[in-house]
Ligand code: X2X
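Listed next as C-alpha cells is one chain, alone, in the form predicted alone.
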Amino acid sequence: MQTSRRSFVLSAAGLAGAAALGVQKRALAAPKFTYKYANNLQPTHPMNKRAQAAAKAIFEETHGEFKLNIFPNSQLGSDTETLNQLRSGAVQFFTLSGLILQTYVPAAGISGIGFAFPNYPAVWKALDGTLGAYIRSEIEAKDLVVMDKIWDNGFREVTTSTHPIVHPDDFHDLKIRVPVSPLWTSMFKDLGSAPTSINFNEVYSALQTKIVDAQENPLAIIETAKLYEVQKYCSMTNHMWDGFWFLGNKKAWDALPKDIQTVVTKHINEAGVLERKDTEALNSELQQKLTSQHMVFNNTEPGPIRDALRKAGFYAEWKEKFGEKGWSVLESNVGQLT
C-alpha cells in the first residue's frame, strides 16, 4: 500500500508539473501584448543587439505576457514615415535621433548643437541630467512616451577626399553632404562650406562622382557604408553628438498594466546604458579598422572652430530658435556658447 500510495503521489505530482508546464507553454505561445519596435540601424549594430537582449528579458520576466518584435534597418519605412506610424499607433516603439525628431519636437535638436560637448562624460552628465529632463518634457508634451535613457549614435566626424580638416579655414568652399536638417546646413554655411542635402542612400554615389567632396557621420556609419572607398581623410572633429530617444505611443503604453510598464522601462533603460558602452568601444575599434582601409586620421582642435561659429552668429541664431529656457539649460551643462 505504501509503495502504491507513493507511486500515486509521484504520478500525480508529475501530471501536475506537466500540466503547469503546458499552461506555461500556452502562455508563452500567446502573449497578451505584442508590440512593434522599429529602428533605422543594421541588425548587427549595438542598438539592435541590446534591444534583442532586452526583448528576451522582458518576455521572460513578464512570463510571456509581453512580446517585443524588432524591425531594424528601416523595414517599416523611412524615419518620417515611421514617426507617423508611431503617432498613429501602427508602431508602438521607435528610436529616433533627436536631430530628426526636431522636425516634430523642436527642442529635441538642442543636444546636437555644434561643438557643444567635448566628450562622452559631458554628454551623459547633461542627457541624464537637466538637459535630458527638459527634452523629455518637451517630447511628452507632444503626447509621446519617452524612456529616461537616451541611446548613443556617437560623435559625428568629417571625411573628405581633398584635404583634412585642421583649422576653420579648411571648411571654406568645401562641398559637403549633410542630412536634410536646418541645423546642419546652418552650421556648415557659417563655417564657409557649401553644404548640400542628399538622402543617405545616395551619398556613396555623390562622393564617387564628386557632386560633393565631403560628408559627416559617426564612424560606425562611415565603415558600414564603405565610405572609405571614396574618401581619403577622416578628421575627428566631434562636431556634433547624436543619440536616439526611445519613443513610445502613449495609447499603447497606457494599455499596459503598471507591472508590465515597470518591467519594460527597467530593461529598455538598462539596455540603453549598455549600448552606450558598446558604441564607444566600437568607435575605438573602427578607427583602427578604417586606418587599415587606408583612411588617414587626424584630431581636430574644436576651440578655433567654435570661435568661428560664435563670430558668424551661429550660436546666437540657434539660441533665439530654441528659446531662452532651453538654451539656458544647455549652457548650464556645457558652459557659455554665445
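Since we're looking at a predicted model, the values are computed, not measured. Residues carry their position along the shown sequence, with the first being 1. Rigid core here is just the name for the largest C-alpha set that superposes within 1.5 Å across the two forms.
There is also a form predicted in complex with this ligand; it is not shown, and the following applies to it.
A.B. asks: Given that this ligand is left out here, which of F117, F171, W151, W184 has a heavy atom within 4.5 Å of it in the predicted bound form?
C.D. replies: For this set of options, the contacting one is W184.
A.B. asks: Could you tell me which one of R136, H239, H267, R177 places a heavy atom within 4.5 Å of this ligand in the predicted bound form?
C.D. replies: Comparing distances to this ligand in the predicted bound form, the residue within 4.5 Å is R177.
A.B. asks: Is this ligand in the predicted bound form close enough to L41, D79 and I100 that every residue in that trio has a heavy atom within 4.5 angstroms of it?
C.D. replies: Yes, the whole trio is in contact, each within 4.5 Å by some heavy atom.
A.B. asks: Taking this ligand as it sits in the predicted bound form, is I221 in contact with it (heavy atom to heavy atom, 4.5 Å or less)?
C.D. replies: Heavy-atom contact with this ligand at 4.5 Å: present for I221.
A.B. asks: Do F188 and this ligand come within 4.5 Å of each other in the predicted bound form, heavy atoms counted?
C.D. replies: No, F188 is distant from the partner.
A.B. asks: Is F246 near this ligand? Define near as a heavy atom within 4.5 Å, in the predicted bound form.
C.D. replies: F246: no, not in contact with this ligand in the predicted bound form.
A.B. asks: Can you tell me whether T160 touches this ligand? I mean in the predicted bound form, with a 4.5 angstroms heavy atom cut-off.
C.D. replies: Looking in the predicted bound form, residue contacts with this ligand do not include T160, since no heavy atom lies within 4.5 Å.
A.B. asks: Please determine, with the chain shown alone, which of 258-266, 152-160, 81-89, 109-117 has non-hydrogen atoms within 4.5 Å of this ligand in the predicted bound form.
C.D. replies: Result for this chain: 152-160.
A.B. asks: Once the core is aligned, does P179 move its Cα by at least 2 Å between this form and the one not shown?
C.D. replies: True for P179: a C-alpha shift of 2 Å or more.
A.B. asks: Superpose on the rigid core, then tell me if the C-alpha of T224 is displaced by 2 angstroms or more between this form and the one not shown.
C.D. replies: Passes the 2 Å threshold, so yes.
A.B. asks: After a rigid core superposition, would you say the CA of Q215 moves by 2 angstroms or more between this form and the one not shown, or not?
C.D. replies: The answer is yes; the displacement is at least 2 Å.
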